[in-house]
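Take a look at this one chain, the form predicted alone, written out in C-alpha cells.
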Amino acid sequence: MNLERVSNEEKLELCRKYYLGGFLLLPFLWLVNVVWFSLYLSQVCHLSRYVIRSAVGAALWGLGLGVWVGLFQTRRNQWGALGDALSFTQPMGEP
C-alpha cells in the first residue's frame, strides 16, 4: 500500500484501526503501525498518539515474550509434568 496517495484523514483512520487491532492479541500490528506511520508524524495531527502507544505496546509484548521464553528455558525442568505438557518436543534423558 502506498501511503503517499492516501489522504491524511485516511492515514489517521488506518493508524487508529491498526492500533485497536493490536489489542486483539495481534501485537505485530502495533509494530507495523510504528514502522509505517512514523514517517508521517509531522504531516498528520493526532497520529503521534497512536504511533507512540503502538510502540509502547509492541515493546511491552516483546518484553513479556522475552521474559516468558527466558523463564521457560531455564525452569522447565523444575515445573515437572506442567513443563513437559507445555513443551512441543520432549527431550529424552536426564537433565
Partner chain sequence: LFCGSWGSFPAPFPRPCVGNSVERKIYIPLNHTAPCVRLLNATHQIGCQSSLSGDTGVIHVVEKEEDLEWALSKGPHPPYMILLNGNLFSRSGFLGLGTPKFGIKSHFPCPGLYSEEHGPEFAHCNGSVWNPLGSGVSYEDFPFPIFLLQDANETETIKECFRAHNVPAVPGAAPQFPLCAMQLQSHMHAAASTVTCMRRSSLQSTFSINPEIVCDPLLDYNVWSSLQPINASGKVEPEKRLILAATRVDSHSFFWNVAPGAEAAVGSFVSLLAAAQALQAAPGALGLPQNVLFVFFQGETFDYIGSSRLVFDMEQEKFPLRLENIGAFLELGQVSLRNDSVLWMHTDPISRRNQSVDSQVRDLLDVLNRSSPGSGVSLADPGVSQPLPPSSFQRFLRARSIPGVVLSDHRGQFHNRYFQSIYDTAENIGMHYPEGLTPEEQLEFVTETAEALAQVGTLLARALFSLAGGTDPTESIRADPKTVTRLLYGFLLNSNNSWFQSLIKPDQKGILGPFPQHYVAVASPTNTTQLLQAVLGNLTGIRLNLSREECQDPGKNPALQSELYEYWWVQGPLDGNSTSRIPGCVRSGVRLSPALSPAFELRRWDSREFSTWTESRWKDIRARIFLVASRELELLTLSLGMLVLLLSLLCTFIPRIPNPQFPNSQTPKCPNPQIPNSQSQIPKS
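What we label the rigid core is the largest C-alpha set whose atoms superpose within 1.5 Å from one form to the other. Please read these numbers as outputs of a predicted model, since none were measured by experiment. Positions refer to the first chain, counted from 1.
Heads up, the form predicted in complex with its partner chain isn't pictured, but that's what we're talking about next.
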is_contact(L12, its partner chain) in the model of the complex, heavy atom dist at most 4.5 Å: yes
Does Y40 reach its partner chain in the model of the complex if we count a contact as any heavy atom within 4.5 Å? yes
Spell out, yes or no, whether the shortest heavy atom distance between M92 and its partner chain in the model of the complex is within 4.5 Å. yes
Taking its partner chain as it sits in the model of the complex, is L25 near enough to touch it, meaning that at least one heavy atom pair lies within 4.5 angstroms? no
Do any residues of 54-83 have a non-hydrogen atom within 4.5 angstroms of its partner chain in the model of the complex? If so, which ones, in sequence order? R76, G80, A81
So that I can tell if W79 moves, could you say whether its C-alpha shifts by at least 2 Å between this form and the one not shown after the core superposition? yes
